[in-house]
Ligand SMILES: Cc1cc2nc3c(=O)[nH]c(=O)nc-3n(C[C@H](O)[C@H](O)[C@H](O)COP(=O)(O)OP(=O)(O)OC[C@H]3O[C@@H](n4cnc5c(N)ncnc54)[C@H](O)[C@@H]3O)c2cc1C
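Shown below, as structure tokens, is a lone chain in the form predicted alone; questions about how it binds or moves come after it.
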């Protein structure tokens, strides 16, 4: 069914329907796996040759895990799937009229196109934040953040200027969602258990950790009791919490807040929002104000019969989710599995079935033995919530090796109160952080 223009980028021409998947995240992987038994050609493209377990990026940034613990080669995942082809490339534009995806390696014709590009950091038009704050949406960005944290501590040993010292030892997390809360908790563990031993000449008590959020409480997507407990856990780490507060400006040294306060800091970590990674070429009417693609109950992009979107990119409005489903890994995974079944039905000219999300709950950890979990039938907090968080994240990691390496690292950290990966492998220079797309 596909045209000969695919020859130029060494993708075999085929008479079988070609399903092109853009993105090797949670949704893309589940979709491709479930298409294994279909008589189709599955082509996946991604700008990286690995899958990233994004919920644990903050642990790479705070020296808890190495990148190879949360990243897994895409080719290895599908090495036994004969109808699967992977190409490392960046998607540039969709041409629906010609049924072609334009990429950095050439054009790829498709019969069905599935956009699973996920989300990117949203700075809400604040250019100074984009230039100076640290995002955490990819492995390279997390490594940059880890280097910056450690470099600031090393520089703090060398300065005699009190204001410079304050800026080097002040870490601000913007955003009080799960990523922000977990990052602040990890920094609190570093301050309490690890840095005093690593830097005995440095008065670590002067280290300050702040969480800034424009909302009235932390973890606004979770229950009020989970929010309250998360705040209690963070205050045990002496984290200063600024609620109902926005950020106004940041020049790399001074962070201005909407309440008129300023913080001297050389490390602002941005966990305040994301937007869908929408590709050019689609109708403007198909994109929401939050830069997500409008899809129907079958994941079809509004206005197109053969273009689909799943995961963070997709805004599927339902009675239970009037603003679209939450940007969570379980949503993407379930949509990927469901779409694979519907594509099979479509090929066999069978009626499609609408997607229904099975809510498995939401959770966040704030250091050892401290976590909150809102499950469908019960709310769990404290030690039990922490062990539940550990178990679920280990089981969701891709690859047996990754599970074992992560498990060993966590056991070592739990028993020794240590994190053994405090390495500045690639020094960070401001202005050189990779831009996520």
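Numbering follows the first chain given and starts at 1. Quick caveat, the model's predicted, so the values are computed rather than measured.
Only in words, not in the display: the form predicted in complex with the ligand, which the text now covers.
- Distance criterion of 4.5 Å from any heavy atom to the ligand in the model of the complex singles out 328 from the list 94, 272, 148, 328.
- The stretch among 31-39, 399-407, 53-61, 367-375 whose residues place heavy atoms within 4.5 Å of the ligand in the model of the complex is 53-61.
- The closest heavy atom approach of residue 293 to the ligand in the model of the complex falls outside 4.5 Å.
- Using a 4.5 angstroms threshold between heavy atoms, residue 20 stays clear of the ligand in the model of the complex.
- Proximity of residue 47 to the ligand in the model of the complex falls within the 4.5 Å heavy atom cutoff.
- With a 4.5 Å cutoff on heavy atoms, residue 118 counts as touching the ligand in the model of the complex.
- Heavy atoms closer than or equal to 4.5 Å to the ligand in the model of the complex belong, across 226-264, to no residue whatsoever.
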